[in-house]
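Only one chain is shown below, in structure tokens, and it's the form predicted alone.
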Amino acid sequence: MSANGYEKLELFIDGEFRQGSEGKTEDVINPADESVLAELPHASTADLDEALAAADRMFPVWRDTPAFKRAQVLKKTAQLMRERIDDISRTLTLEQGKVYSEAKVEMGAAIEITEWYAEECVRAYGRIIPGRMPGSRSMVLKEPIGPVAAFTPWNFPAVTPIRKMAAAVAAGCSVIVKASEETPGTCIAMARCFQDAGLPDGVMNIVFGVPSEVSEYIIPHPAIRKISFTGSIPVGKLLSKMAGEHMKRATMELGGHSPVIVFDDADTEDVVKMVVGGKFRNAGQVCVSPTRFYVQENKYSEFVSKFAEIAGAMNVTNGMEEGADMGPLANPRRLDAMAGFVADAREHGADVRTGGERIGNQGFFFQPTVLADVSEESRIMNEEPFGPVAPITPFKEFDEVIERANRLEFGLASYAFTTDDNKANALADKLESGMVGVNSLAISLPETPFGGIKDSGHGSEGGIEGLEAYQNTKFVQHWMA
């Protein structure tokens, strides 16, 4: 830990925390005040070769380690993360910007994920299939897939990496993680917990560099057998193509543009409180954030007014300050994107009920923004906003809103609010997304699958599906001698 309370930034290769061999670095910026937190070392080609060699060498060792012992390492890792939660959460807020209370919630989720995989890895059961003839036995075995290359974004520096780190370790795989260069400290801090918990040197490696250069180097490498990526759709498609060229399994958790359907039988006040909290969590920089609000006509005016009232009263400030409701955006790119979305919506006739502007000129702060009467032709209704701007539009009938909700190529998450159980069941059936929340935004839990369909990706993290993503299925037909 450095003097400013931020994690010491290092590569983690073959059990050693160290600097890059060629001395190349980049600054990590605090989005609240634009100060330099630390210099992040980049891995050279030689460093990447060392990480690949370590992962390749240690895979058979970790593969053959009993699941019970792998579970012990994961449990100890979770314990150490819990003991260090205050320090790691501070690092998370400093580098990413979200309010400290949210950072602690995220770290709590990361700990739960680690604990869940510790429990699940000892239950990675195969099965016996009854033989067709006497003296035969048909067996299905689950085996670790091999060394993994994992790539993670900047918006959730704890939860996104740990889903891949814990799952790979639980399954018996070695792993190379390239976390975001904008938010590296949290992942490094968690890697220290793995090391201190007794994970053998070389099973986990953490590298940083120019993202395209790192991915293009390690994905085709013959040692790597599995790719896991969380990030944008364009990059996900590029990495999927690269993995496909080498016949490597890939999990892709990509962008979303989640519709929120509010029917007139729902309690407007309760729904607004829930969705405002969900919309502006992490300043809207959440792949499953509620992003397109469709409200039935009878409740539309009331919903918009209450939404704007709560959003306009939010305290937007440095995430480390007491009483902060929302912190800054993670980088200046998001400021430009928000300004562009708001300007385009206005041009298409939207009414800005609150917000719509940058706050100050230091730090990447943007007002919580509510747009009413938003045209379907607006960019914000067609492109993932990934920021604190909420577009709201009315609808009349069930079939109409289902068609509007499903019309995009995104398919990560959808939400709906109604007190009619028949309508709720129909929504669950008809909404085209990998995850559906009915009367709830809580769709991400350690024990449940997390993933999308259509352009939002394929495969799941979390749940038994998240463990199976790192396993091969082997069938054995045994005839008794």
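The numbering used is simple: start at 1 and walk along the sequence shown. Fair warning: this is a prediction, and the values are worked out from it, not measured in the lab.
If you look for the form predicted together with a small molecule, you will not find it shown, but the lines that follow are about it.
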If the criterion is a non-hydrogen atom within 4.5 angstroms, does every one of 215, 230 and 334 touch the small molecule in the predicted bound form?
yes
The one option of 208, 364, 151, 307 with any heavy atom within 4.5 Å of the small molecule in the predicted bound form is 151
Counting non-hydrogen atoms within 4.5 angstroms of the small molecule in the predicted bound form, say which of 178, 164, 226, 279 makes the cut.
178
With a 4.5 Å heavy atom cut-off, would you call residue 155 a contact of the small molecule in the predicted bound form?
yes
Check whether residue 255 has any heavy atom within 4.5 Å of a heavy atom of the small molecule in the predicted bound form, and answer yes or no.
yes
Taking 4.5 angstroms as the cut-off for heavy atoms, does residue 235 touch the small molecule in the predicted bound form?
yes
Contact between residue 293 and the small molecule in the predicted bound form at 4.5 Å, heavy atoms?
no
Among 76-84, 169-177, 199-207, 235-243, which stretch has residues whose heavy atoms lie within 4.5 Å of the small molecule in the predicted bound form?
235-243
